[in-house]
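To begin, one chain is listed below as structure tokens, in the form predicted alone.
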């Protein structure tokens, strides 16, 4: 069975099933308890888009300095609401409170990074020539941009699109994940309280139906998406005949870590556990595959398993604080459990079993499985705490296995020499290639994106400014001056 067939048959790929919204409202549930925590009406798409189109000319006409100042005021509003937003994130998506607090800090820090990035990536330039006048390069906003947010980082990841888009002069329609609308609403209200009107930055709750309507709407000039490859491919297909629309897709990965020669096994194990199990494995940059030099296998796996056995998983506000919370819902937990059983039934050897203490709640333990003997390893993004281990004999085989995926988001080499890292960097097909660093926690001061099924060459992060405004080249002279010197009677 090939990877695609496996994914449709028995492997829970990408980010879990998408829940359909009701026609009237969206309801959000707390993963740790199953309790309802938010309920609100689904937006009216035509009204939302019409309001945005009316607001855009006025917002685009604002001086850049004004838009930047309002973005800074937004950061201050988030600071005021930091505890409220962090608590909402922890409850709504199950993150430990310490991690939710870190996400709020990322939201705040994104503002100054975006201001610097816009100045650097879209700066105004002029080239003067006495005879040819001036050649100027300036940038214009696209217009109405839709931001489709994921649930795993319900504030930081949509914010990574929203702030650069607003600074550039676009208006934004923000549709949060239907699994995390409460946190999205708090984020939107911080923009509005900062002086960015609810027409310029609109909160538009809805489910897949509303998302599809926004993507296809003639009044929308672009779609900025973070989420699963399946959804990103569907967006790309739907807009294949609309080259006039900006489409930026930041999708997932079947990311690899290569474990090579190093005496620092304790540090290596910490990097591996952090990469595989942070946010309960629900990060697009999470390590899904650990590729280990065969001679180091026993020592490395012993360290990694010992550390994974110590990982506390529990509810967001538990004491002592857990490292991992639940996955987003029971459907995701069911799919991951089925996926682990599939891997075991098709040649995988469990090193650390996936444990679900309560079948009524989506808490899962970290899991590790050796899939070296599997003939056809499914090439899917298992969006949860499952790490597959693959043994290799030499470095060329490790690189080949790193690239044995349709995705291309993140890869990391642990250990090795500078020469081996140079070879790894040159040959690993990924947008993020690290050495002795985790695959997670990319820098805000760098581009964030991948190739293959991980993105469409529109990296976010520091490069988000590139897709939020388009360059305009202008040849300019104060007076017309021209002649035709050939081909005339």
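Quick caveat, the model's predicted, so the values are computed rather than measured. Numbering follows the first chain given and starts at 1.
Keep in mind the form predicted together with ligand NAD is missing from the figure; the text below concerns it.
Checklist entry - Does residue 284 reach ligand NAD in the model of the complex if we count a contact as any heavy atom within 4.5 Å? => result Contact check for residue 284: yes, within 4.5 Å of ligand NAD in the model of the complex.
Checklist entry - For residue 296, is any heavy atom within 4.5 Å of ligand NAD in the model of the complex, or not? => result Answer no; every heavy atom of residue 296 is more than 4.5 Å from ligand NAD in the model of the complex.
Checklist entry - Is residue 234 a contact residue for ligand NAD in the model of the complex, using a 4.5 Å heavy atom cut-off? => result Yes, residue 234 sits close enough to ligand NAD in the model of the complex that at least one of its heavy atoms falls within 4.5 Å.
Item to check | Distance check, residue 81 to ligand NAD in the model of the complex, heavy atom within 4.5 Å | outcome: Outside the cut-off, so no.
Checklist entry - Thinking of ligand NAD in the model of the complex, which stretch from 334-342, 86-94, 361-369, 176-184 has heavy atoms inside 4.5 Å of it? => result Correct option: 176-184.
Checklist entry - Looking at 118, 191, 277, 151, which is the one with a non-hydrogen atom within 4.5 Å of ligand NAD in the model of the complex? => result Contact check passes for 151.
Checklist entry - Which one, 378, 222, 211, 325, lies within 4.5 Å of ligand NAD in the model of the complex by heavy atoms? => result Selected option: 211.
Checklist entry - Does any residue in 403-420 get within 4.5 Å of ligand NAD in the model of the complex, counting heavy atoms only, and if so which ones? => result Read in sequence order, the lone residue that approaches ligand NAD (within 4.5 Å, in the model of the complex) is 409.
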